[in-house]
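The form predicted on its own is given below as one chain in structure tokens.
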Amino acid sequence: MSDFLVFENVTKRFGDLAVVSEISFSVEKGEIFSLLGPSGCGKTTLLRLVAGFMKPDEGRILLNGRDINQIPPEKRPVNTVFQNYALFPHLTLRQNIAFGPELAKKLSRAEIDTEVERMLDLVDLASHADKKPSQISGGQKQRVAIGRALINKPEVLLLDEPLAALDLKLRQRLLVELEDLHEEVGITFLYVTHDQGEAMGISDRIAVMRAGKIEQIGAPAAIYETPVNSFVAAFIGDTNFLSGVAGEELDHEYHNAVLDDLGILRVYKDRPILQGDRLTLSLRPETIALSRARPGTLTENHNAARGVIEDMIYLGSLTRFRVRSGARLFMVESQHGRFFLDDEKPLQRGDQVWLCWHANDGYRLENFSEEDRQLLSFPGGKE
């Protein structure tokens, strides 16, 4: 694989506001690359710049080595799938899909008909081909929109929040269908979403954006497990932020640290730590175990703190707890409502518990901002 779609110092301004600011990154041929971030971060603007609906004020966009900035939208080898489908209501599904090739006038009628049937089979809508958009479901409309885009054989398919208007079950099903479709057609997908679950589920790589800039690019697992800063840690799922000061070095892997409100705990040293360094850790809710009694199975590299369950929400596949330890609130998630089998009954609101986690599960952040935590309405932390 090689760099296929390249952004070089791209900036786009609306008046004095830089919606996208000096962005540089590349997308590999054939991958699903997602732009993820909150509303207004610039992700849709990047998509529109690739589509040609607007031009950058500075920088270049290269597609397969060719600068596309001066190429008009209709001549770019890209197609866009919009959130609102943008289907022609007076045309059948077959006619909607055929619209692009008919407009281009590069294929014969027989060739267009063959390609339309292939697309209808690809998006599993052959049996509905003669229906109008008003006669099919939202998920089927989105598949028509995808078929209409793919029939033009774009080098890049641009997907702008394609599942946002659908209900949860349908989004989950279409996400799988999109991934299967990508494997079959093999073209590059540039996918815009604000939904972390969508991005994590479909992407080869993700770019997390904020305020017109890219905070981190990486595979979903890397973004989740090794976030570069507090914004990424809190935006990708939920997390607990633990802050403190590094103490003495214990060995080549671990340091003691005095964590605010929690006392002396053990910290994994994935990067060099000096005594006295200020530390902030990201501790994911699912890595914390709860038990009424302090488990006897803990090793010296586990941490433990006392707390009280203040609130709990049953969510079917898991239970989410809010546990207060001193002045600090922890979020904890358990698939079974408890972690240790030595408890005789499920945990309840008001129970005194031990919070336990392995030192390796606390990932040390390079940058931490209290403003980020408040902006993202992170539910853990001090109150």
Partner chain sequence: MIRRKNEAILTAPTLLWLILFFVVPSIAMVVISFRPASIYGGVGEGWTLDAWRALGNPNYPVILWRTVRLSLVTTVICLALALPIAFVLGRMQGKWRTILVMIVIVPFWTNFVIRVAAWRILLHPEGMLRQSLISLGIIGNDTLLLYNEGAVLMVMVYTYLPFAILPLYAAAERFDYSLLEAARDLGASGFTAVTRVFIPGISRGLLTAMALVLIPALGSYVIPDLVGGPGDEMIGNKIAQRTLGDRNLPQAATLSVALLLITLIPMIVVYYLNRRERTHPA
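In this text the structure is predicted, and so the values were computed from the model without any measurement. Residue numbers count along the first chain shown, from 1.
Unshown form predicted in complex with its partner chain; subsequent notes refer to it.
Engineer: Select, from the options 285-293, 207-215, 176-184, 80-88, the stretch whose residues sit within 4.5 angstroms of its partner chain in the model of the complex by heavy atom distance.
Structural biologist: Answer to the contact question: 80-88.
Engineer: In the model of the complex, is there a heavy atom of its partner chain that lies within 4.5 Å of any heavy atom of residue 73, even though the partner is absent here?
Structural biologist: Residue 73 belongs to the contact set for its partner chain.
Engineer: According to a 4.5 angstroms non-hydrogen atom cut-off, is residue 103 in contact with its partner chain in the model of the complex?
Structural biologist: Yes - in the model of the complex, heavy atoms of residue 103 and its partner chain come within 4.5 Å of each other.
Engineer: My question is simply whether residue 132 lines the interface with its partner chain in the model of the complex - judged by any non-hydrogen atom within 4.5 Å.
Structural biologist: Residue 132 belongs to the contact set for its partner chain.
Engineer: Residue 152 versus its partner chain, in the model of the complex: is there a non-hydrogen atom within 4.5 Å?
Structural biologist: Flag for residue 152 set to yes.
Engineer: Though its partner chain is not shown, can you say which of 347, 63, 51, 32 has a heavy atom within 4.5 Å of it in the model of the complex?
Structural biologist: The residue from 347, 63, 51, 32 that makes the contact is 51.
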